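In the block that follows, a single chain appears as structure tokens, in the form predicted on its own.
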Amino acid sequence: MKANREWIIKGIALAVWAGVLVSSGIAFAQHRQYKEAVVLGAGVVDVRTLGDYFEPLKGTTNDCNIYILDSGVPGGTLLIMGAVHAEEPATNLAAQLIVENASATTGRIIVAIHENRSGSTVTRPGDAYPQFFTIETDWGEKKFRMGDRWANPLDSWPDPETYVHYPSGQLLAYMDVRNMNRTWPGRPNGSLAERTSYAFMRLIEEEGVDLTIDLHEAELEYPIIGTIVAHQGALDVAAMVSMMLTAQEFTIGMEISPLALHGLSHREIGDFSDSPCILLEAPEPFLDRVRGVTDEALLLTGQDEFVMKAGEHGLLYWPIDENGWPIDIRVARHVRTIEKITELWTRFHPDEAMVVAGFPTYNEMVELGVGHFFHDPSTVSQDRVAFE
């Protein structure tokens, strides 16, 4: 009898374990395979993929869509990169909002919504991230994948004991071999992140990109927050944007890209191409280590009593109150800053003018919500819908 009971208990335990394994596997697969619909705005004239610029990347997880908004009027070419770190959702939302609404009236805009698509197919182990989040629109909820800072280990394995950056030889943390903001300028035979960086460098060269903007969010415990980080080739534009926005609309600082810190977009893109790079940081309390429950509500509202308490004790580099840092404000900061950058770039570089239209105003995005500017894919011709 006792032996039978033991076998029954073991059988139940095995069945529970198998059930958890199967249900988890299904959830992981659903997250990895989920496709985000993108309605192509009137300004989009072509959709390519990153593999068009570096054939070995074709058909891989990181063969992301490349959206071309071309005015047909000679001018400069701007590259906007979102979701370099897929745990920073205001970046891909801002990039998609631009694809669905903006157009170029002089020059061109090139947009990657998920620069490191692999990172959006996994969430950070042990941190209880939600796999998805939804944005309220005028036509219902729009669903997006939540991701991680690094490329999915399923796509890039194994990590080295220490990541040796190419070509500087600088030693970085082992997981940074999967971090798209540590692998620039990349190399053709490296890790997935390095190959992706290399492919973007080929895109920048082939398309004659004049300026690159790299979108990010950061925890409030991080010193470089709510700011513009600029390569030396774009300091005049970045400084003027910072001063004008801070004086007239919202506070945004400016930092100079460090010469000795390698692998970052704002350092290497400008050093290894003719396109200086500007990186934008928005405040995201979801990433703070002192946060409370890591759920969709925190991701969207940016409200957290523990992060507020840390601020009261002087542990933060950016202010926070009971209003938090909602996703609408974070997206609005990015979109408005990009628009201002194009205005000032055109003023400083008239031969490389980038004139854009269709950007909602900062106040419109905050008051109406960013979901108001996403379009219903079921109401347009399917040849005007792409999938991320």
Partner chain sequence: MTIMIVYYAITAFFGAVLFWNFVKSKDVQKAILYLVILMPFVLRVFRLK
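Numbering follows the first chain given and starts at 1. Because the structure is a prediction, the values reported are computed rather than measured.
A second form of this protein, the form predicted together with its partner chain, is not displayed here; the remarks below concern that form.
J.: When its partner chain is placed as it is in the predicted complex, which of 352-360, 316-324, 44-52, 29-37 ends up with heavy atoms within 4.5 Å of it?
T.: Stretch with heavy atoms near the partner: 29-37.
J.: Please check if P158 has a heavy atom lying within 4.5 Å of any heavy atom of its partner chain in the predicted complex.
T.: Yes, P158 is a contact residue.
J.: Do D383 and its partner chain come within 4.5 Å of each other in the predicted complex, heavy atoms counted?
T.: Taking the distances in the predicted complex, the answer for D383 is no, it never comes within 4.5 Å of its partner chain.
J.: Whether V164 contacts its partner chain in the predicted complex should be assessed with a 4.5 Å heavy atom distance threshold; does it?
T.: Contact with its partner chain, no.
J.: Can you tell me whether L97 touches its partner chain? I mean in the predicted complex, with a 4.5 angstroms heavy atom cut-off.
T.: Flag for L97 set to no.
J.: Of V177, A230, V122, L93, which one comes within 4.5 Å of its partner chain in the predicted complex, counting heavy atoms only?
T.: The residue from V177, A230, V122, L93 that makes the contact is V122.
J.: Give me the residue from P153, G208, G253, P258 that has a heavy atom within 4.5 Å of its partner chain in the predicted complex.
T.: Exactly one residue meets the criterion: P153.
J.: Is it true that L235, M243 and A247, all three, sit within 4.5 Å of its partner chain in the predicted complex, judged by heavy atoms?
T.: No, none of L235, M243 and A247 comes within 4.5 Å of its partner chain in the predicted complex.
J.: With its partner chain taken in the predicted complex, which residues across 52-80 come within 4.5 angstroms through any non-hydrogen atom?
T.: Read in sequence order, no residue approaches its partner chain (within 4.5 Å, in the predicted complex).
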